[in-house]
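For reference, the chain that follows is the form predicted on its own, supplied as C-alpha cells.
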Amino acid sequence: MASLHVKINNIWQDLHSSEGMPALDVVRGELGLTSTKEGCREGDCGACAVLVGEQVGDMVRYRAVPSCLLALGELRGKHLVTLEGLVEGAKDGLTPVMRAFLDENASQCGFCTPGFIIALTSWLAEPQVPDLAGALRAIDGNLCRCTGYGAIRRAAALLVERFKDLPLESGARLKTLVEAQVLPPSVLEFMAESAGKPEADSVSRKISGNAPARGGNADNAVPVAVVGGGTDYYVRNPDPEEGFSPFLTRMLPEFGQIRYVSDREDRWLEVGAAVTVRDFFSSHVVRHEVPGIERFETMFASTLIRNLATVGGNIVNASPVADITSMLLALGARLVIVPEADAGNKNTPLRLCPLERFFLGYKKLNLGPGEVLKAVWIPVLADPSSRKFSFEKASKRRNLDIAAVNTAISFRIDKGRFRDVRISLGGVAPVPLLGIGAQEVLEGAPCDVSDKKSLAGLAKNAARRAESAISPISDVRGSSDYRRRMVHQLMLAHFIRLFETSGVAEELFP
C-alpha cells in the first residue's frame, strides 16, 4: 500500500490507508481529528468539510470540500486543515470566524458548526471582495437543524464588515489572514514549502490505478475504477473495500487544464475532464467563449460540491439529466478519449467523439476497454460575443437539487437570422437528447429583437416541437405529463432570458 505524504494541520505525515478511502474516515479514525463530523455522508450537509490547500499554477489556494466524498489519494502533497488546525496560533483559542459565531449565538448543538467555520474561512481565503451574498453562497452546502439561519447570517455580516479591505492578490491575502489569526501559521509554512515548485511536481505522478486493469492476464483482470471528484462515486460506494485504489483523474495535471487547441482548420477550447465545476464556471476563458455562462453556476449543487465535482465526472456519470452535460451538448462539445494506461502521456493517440454520440443507452457509454475521458472540446467562434446561451432546469427545490428536466440552447445571430442552433433536452429519455425538431424551427429563421410577436411565435413553435418529440417516463421526480409540460415552458424561458428587453415575456404571458 502506497504511502501518502500529506501536511496535516502543522505536521507532514505519511498516511498508509488506501488511496481510495474517503478522507473523512482517516481524519476521524486514523488521525483522531474528531471536530470533523460525519453527517449525511453524501456531501449534502457540510458537517464534514475540511480545508485543502494546494498549489495551482504559481499560487497556493485553499478551498473547503466535503471529506466524505474526497479520496484520500487526492491529498498527496497537499495541506489538510481541520478545525483543530485552524486554532493553532489563535491567542484565545478562537479564530475571528469562530468569535463571530459565538458573538451572534450562531451555534446551538454545535454539530454543524465546524463545517460552517471551515466554509466561511475558505470564503475569506479566496481573492474576492467580501460581501454578504458571497458569504451566503459559501455556506449554501451547510445545513443547521437547531439555530435557524438568522444568527449565522448575522455572523457572516460581521465578517464582511471586518474583512472588507482584504488584499485581492492571493499570497498577500493569505498572509493577512494568518496575521489576523483567521488562518494558522502552517499556511505560511506550506506556501514557503510550495514556492518555486512546478505544479506537476508538487504531487507524486504515481497513481495506483494507472493501468486499465489489474490481474495476471487480460482474462482475469479486474477493471480499475476511475474517480473524478468522487461526488457521485462515494455516494453510491460510501464504504469501499480495503485496498481500494482508483484511477484519480484530478491527480494528473494534464486532466486539469483549460487551454486553446487546434484541430486542422478548427479551433477549440479544451476543458480537462478533471477541471472542477467551480473552476469551469469561474474560468475567464470559458466566460469569454460562452458569455453569461457564469450565471448558471449556482444551479449546480452547492459550493462545497462544486469545489470537488469535475466536468468529466458529470459527463461519465451518464445521468440523463446531468447539468454540465446538458450545457455542453447545446454548445456542440466533443470529447477527447485516450487509453487509460497512457493517459498522462502528451503523445498518446486520442479519439474524438461528439457528445451526442457518447451515450449509447441508460448508463452505457461509448468507451472501449481501457479508455478514459481526458478532456472536452468546445468550439471557438470567430466572434464569441455573437454566441447566445441559456440553461434552464426544473427541480423540486430551487437550488441544490437534481433536475426533473433540464434544457440548454446555444445559437448565434448572423445577418438577422438564427444560425448554428443547438438545443439539449435532459430528463426526457434514457440519455440526454438534442431537440432536433425545435432546432429546425429556429435554424435560419428571422431574429428581429424589435418584433416581439415574431419572437413569441418562434418560441411557441419551438416549444411545441420539443414537447411533441419526447416520450418521458414517470418517476419520483416528475410524471411524464409534467416533464413534457416543463420542456415546453423551459423553451419559452430561454427566449425570455435571452431577449429580456424585447417585450417577448409580456407577449408570451400577457
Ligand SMILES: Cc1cc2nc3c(=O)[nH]c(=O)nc-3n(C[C@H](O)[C@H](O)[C@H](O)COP(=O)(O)OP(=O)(O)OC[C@H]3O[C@@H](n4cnc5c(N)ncnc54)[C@H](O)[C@@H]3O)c2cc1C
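Residue indices: 1-based, along the sequence shown. Source: prediction; values computed, not measured.
Separately, the form predicted together with the named molecule exists; it is not shown, and the next lines address it.
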*State yes only if every one of Gln55, Ala135 and Met191 has a non-hydrogen atom within 4.5 Å of the named molecule in the predicted complex; otherwise state no.*
no
*Identify, from the list Ala404, Val421, Val372, Leu433, the residue with a heavy atom within 4.5 Å of the named molecule in the predicted complex.*
Val372
_Selected contact from Lys415, Arg236, Lys346, Arg357, since only one has a non-hydrogen atom within 4.5 angstroms of the named molecule in the predicted complex_ = Arg236
*asked:* Just checking whether Leu252 would be counted as a contact of the named molecule in the predicted complex - the rule being heavy atoms within 4.5 angstroms.
replied: no
*Is Asp323 a contact residue for the named molecule in the predicted complex, using a 4.5 Å heavy atom cut-off?*
yes
*asked:* If we define contact as a non-hydrogen atom of the residue within 4.5 angstroms of the partner, is Asp232 a contact of the named molecule in the predicted complex?
replied: yes
*in the predicted complex, does Ala429 have a heavy atom within 4.5 Å of the named molecule?*
no
*Tell me the stretch among 396-404, 178-186, 159-167, 436-444 that has any heavy atom within 4.5 angstroms of the named molecule in the predicted complex.*
396-404
_Within 309-323, the residues that have a heavy atom no more than 4.5 Å from the named molecule in the predicted complex_ = Ala309, Thr310, Gly312, Gly313, Asn314, Val316, Asn317, Val321, Ala322, Asp323
